[in-house]
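First, one chain by itself in structure tokens, the form predicted alone.
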Amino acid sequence: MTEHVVIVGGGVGGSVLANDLADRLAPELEDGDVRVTLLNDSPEHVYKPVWLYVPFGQSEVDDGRRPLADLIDSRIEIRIDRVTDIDTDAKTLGCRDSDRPIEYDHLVLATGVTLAPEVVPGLEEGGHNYYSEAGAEALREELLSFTEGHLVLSVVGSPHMCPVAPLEFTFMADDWLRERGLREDVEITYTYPVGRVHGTPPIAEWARPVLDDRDINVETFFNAESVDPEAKTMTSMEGTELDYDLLVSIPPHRGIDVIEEAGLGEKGWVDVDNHTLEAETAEDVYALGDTADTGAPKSGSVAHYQVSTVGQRLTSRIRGRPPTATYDGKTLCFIETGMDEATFVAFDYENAPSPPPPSEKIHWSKLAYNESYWLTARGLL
């Protein structure tokens, strides 16, 4: 009997895992003992880190798009559809464009996140963001005409994709404005919802002096409650009010509703064992990357490192062996500190990050990785 592995989501985690399984299970795929299906609601793969550079004119949104068919091993079946129901008891998936459910033996959820700016009244109308293609392009047009006033970068939702990206944008905006001779005419304020400038204490301890040195205002314990687009004000739950001329927000994030409806976890994140990435409330279900509620950052590198664990555990189960591979929380994130310098952090569940001094070399390393990412997605790196 053929075992069927279904991966839902064609982002970093889902695509890299599909190619990983094509290599690990090559004999079984060739003999017809295993099928692997990658189910995605779009025929394209999107590499979201590109969006950070779009507002500054350094990238185009199309630079982050490739057809899934060009990235995924030919031994993997690609199916374009949207999942509307997950039945973990029957081991079936309901889909928008199919009258018959998809049966699975092993399910991997790599569905990522969706933006929910509507949670904060006025945020969608009054703010910009670079966490979507359309948002990044609209922000580029705003920045090009922004020559004076108050620029506010507000982290509204947490957790969110790429936890260091708000700091990156703030540092890049500061440097970009200085290069154009506009920084003296622009006030910059950075807000964060807890009592420090980043959720990870060592990163916050490193970043706060950098923000201070660059005359960037900081508002911590700022949990946005509402935005008034006409008055151009933002009010926090703590009672603080900020005036702005250009508001750039990190909007609230959530997962997909069908995950919560299936009883796999709240807000669309799957409750998993932090080390095995197996769902806590269902058998033969795994979650990867942003979808997995592990406490690890929602970043592409996390999904990439988790792939090895899930790929090995699936292969062991299919071959009738006890799975032993575990994920240790490994994370690697580059942090742009301006337009031509960067640093990075590497850490796991046991070891805290410690950013080295920023350098041009690290900046170019990040850009080189962004270019080589497409080889990574194909399983070639």
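This one's a predicted model, so the numbers in the text were calculated from it and none came from an experiment. Throughout, we count residues from 1 along the sequence that is shown.
We do not show the form predicted in complex with a small molecule, though everything after this point is about it.
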Whether L39, A110 and G289 all lie within 4.5 angstroms of the small molecule in the predicted bound form by heavy atom: yes
Options 110-118, 274-282, 177-185, 208-216; stretch whose heavy atom lies within 4.5 Å of the small molecule in the predicted bound form: 110-118
Single option in K267, R82, H128, R196 placed near the small molecule in the predicted bound form, where near means a heavy atom within 4.5 Å: R82
Contact label in the predicted bound form: K366 to the small molecule, heavy atom within 4.5 Å: yes
4.5 angstroms heavy atom contact with the small molecule in the predicted bound form for L17: no
Any non-hydrogen atom of T191 within 4.5 angstroms of the small molecule in the predicted bound form: no
Distance check, K48 to the small molecule in the predicted bound form, heavy atom within 4.5 Å: yes
